[in-house]
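Starting off, we have a lone chain in the form predicted on its own, written out as structure tokens.
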């Protein structure tokens, strides 16, 4: 079997004296869509923050694309993050500038590409997410689903190998959520991305997940393929999918 593209071993993390993740060991493989789920407060977002380096664990190992995330140096981390895209829950767009400028930010900060090529790449990414017509729109002129897609265009501006997405379909109507899910599948199929998605939306999970990681009280209660999760007799997992 190929080596995992993301791996944690005995990972523990938390806030002050509160332990949120407790001995979490997971492996995520290239070109998979892995969905991290569980009830509120189980540690999903904390795991995501540790994986992308926004938090440091209290114990354990995190490895992404062969890099040790716990002891990584700043210059090495900056290089690595060019291969990692993040779609934040609220989109995190800058409201004072058009979405084209938002999408251009990673390209301007992390490459030496000429401005005219940056503009072409931005147009390409916006077209990929169905927003080619909205190049000059401000975020306030977009619907919730369009803002999510604009944020996704920014997250993939550098063609990352890995995309992390925190509740990408939260608050969206079913049709818009389905459209965004299909876009995630397209990224995996056409661009070969590995996706790690934190969500609790059952319909989205069933549409996109290859693998499920179920967290409960900071521990990995289940890790396996979607069909295995759907047939699991673990009470918490069974209850989650039977709602």
Partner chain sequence: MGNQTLQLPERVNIDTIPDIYNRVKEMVHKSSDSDTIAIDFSGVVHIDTAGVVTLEKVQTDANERGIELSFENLSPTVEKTMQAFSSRLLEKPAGKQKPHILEYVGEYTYEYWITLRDFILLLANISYYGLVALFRPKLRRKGEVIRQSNFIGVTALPIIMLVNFLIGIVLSLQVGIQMRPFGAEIFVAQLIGFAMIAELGPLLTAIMLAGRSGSAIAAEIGAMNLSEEIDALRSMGIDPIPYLIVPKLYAILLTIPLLVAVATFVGIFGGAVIGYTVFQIDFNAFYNEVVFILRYYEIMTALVKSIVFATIIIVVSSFYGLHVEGSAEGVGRATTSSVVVSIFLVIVADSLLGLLFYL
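Every value quoted in this text rests on a predicted model; they were computed, and no experiment measured them. Residue numbers count along the first chain shown, from 1.
Beyond the structure shown, there is the form predicted together with its partner chain, which is absent from this document and is the topic of what follows.
Enquirer: If the cut-off is 4.5 angstroms on heavy atoms, which of these, 92, 124, 170, 105, is the one near its partner chain in the predicted bound form?
Expert: Filtering the options by heavy-atom distance leaves 124.
Enquirer: Name the single residue among 70, 39, 191, 54 that comes within 4.5 Å of its partner chain in the predicted bound form, judging by heavy atoms.
Expert: Residue within 4.5 Å of the partner: 191.
Enquirer: In terms of non-hydrogen atoms within 4.5 angstroms, which of the given stretches 84-92, 70-78, 124-132, 162-170 touches its partner chain in the predicted bound form?
Expert: After filtering at 4.5 Å, what remains is 124-132.
Enquirer: Answer with yes or no whether residue 186 is in contact with its partner chain in the predicted bound form, where contact means some heavy atom within 4.5 Å.
Expert: Residue 186: yes, in contact with its partner chain in the predicted bound form.
Enquirer: Can you tell me if residue 101 lies within 4.5 angstroms of its partner chain in the predicted bound form, counting non-hydrogen atoms only?
Expert: No, residue 101 sits far enough from its partner chain in the predicted bound form that none of its heavy atoms falls within 4.5 Å.
Enquirer: Can you tell me if residue 146 lies within 4.5 angstroms of its partner chain in the predicted bound form, counting non-hydrogen atoms only?
Expert: Outside the cut-off, so no.
Enquirer: How about residue 109: is it within 4.5 Å of its partner chain in the predicted bound form, going by heavy atoms?
Expert: Residue 109: no, not in contact with its partner chain in the predicted bound form.
Enquirer: Within 4.5 Å of its partner chain in the predicted bound form, counting any non-hydrogen atom, which residues from 149-172 show up?
Expert: Residues within 4.5 Å: 157, 158, 159.
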